[in-house]
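Given as structure tokens, the chain that follows is alone and in the form predicted alone.
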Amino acid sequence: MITKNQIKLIKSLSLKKNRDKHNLFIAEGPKIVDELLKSEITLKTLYSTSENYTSINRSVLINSMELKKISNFKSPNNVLALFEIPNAKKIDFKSNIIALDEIKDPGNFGTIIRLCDWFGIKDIICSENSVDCYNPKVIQSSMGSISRVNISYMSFDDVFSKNLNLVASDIKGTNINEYKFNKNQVIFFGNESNGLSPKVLSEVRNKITIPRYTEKIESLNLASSVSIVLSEIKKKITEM
């Protein structure tokens, strides 16, 4: 059984201000919820139509109509859980880091988080006005990888002030096939529509680009670009 107040709370978490207020985020579906249950992220409450979760503390057995009332999906999948938003961990500047400049699309962001998890990238730095990593759409598209990738929001001025190896993905950069990647660098990627901000372009001297083999297309999807660059980085570092 689920109460009206519980329904109200869950629905309110679609907004960032309410996620911040209650320090909670939503995850839906067995695959994502199971991944998060195995992580260090703290479960607040779990609501499910399946008895598979009844042995878990803080689980509530509900019916399909109740699940539909709290779900963000037209066709909910068995389980919805509330987790506490964890504190960001200290950034490891001795390893490769992805920096996202004003990223806005939650689906793209979730995919990038999963890509970072796949390629062993432990840290993502986001500009302060980027989409919230605990947006429900980000959580869903990250497929549980949000629990293994540390995401920090900060002014890029704090990054520029450090003596770091900075690289920017830019259409006018050096071909990634010819660029010498290192084991510790911060790679900047820009907004889906406008690319990198003038501030980043002026501060970051080293620039890379993915070679284009046709003039008929102007740009790549942001997540696709991240995937190609991360693959090239891993290839180059393995060869070192």
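Note that the structure is a prediction, hence the values are computed from the model and not measured. All residue numbers refer to positions in the sequence shown, first residue = 1.
What comes next is about the form predicted together with another copy of the chain, which does not appear here.
With a 4.5 Å cutoff on heavy atoms, Phe93 does not count as touching another copy of the chain in the predicted bound form; it lies far away. Within 4.5 Å of any heavy atom of another copy of the chain in the predicted bound form lies no heavy atom of Asp123. Although the partner is absent here, Ser145 sits close enough that one of its heavy atoms falls within 4.5 Å of another copy of the chain in the predicted bound form.
Another copy of the chain in the predicted bound form is not approached by Tyr153, whose heavy atoms all lie more than 4.5 angstroms from it. The listed set Asp105, Asp132, Asp117, Asp101 contains one residue whose heavy atoms approach another copy of the chain in the predicted bound form to within 4.5 Å, identified as Asp117.
For another copy of the chain in the predicted bound form, the listed stretch (78-86, 124-132, 93-101, 145-153) containing residues with heavy atoms inside 4.5 Å is 145-153. Proximity of Tyr213, Asn221 and Ser227 to another copy of the chain in the predicted bound form is complete: all three residues have a non-hydrogen atom within 4.5 angstroms.
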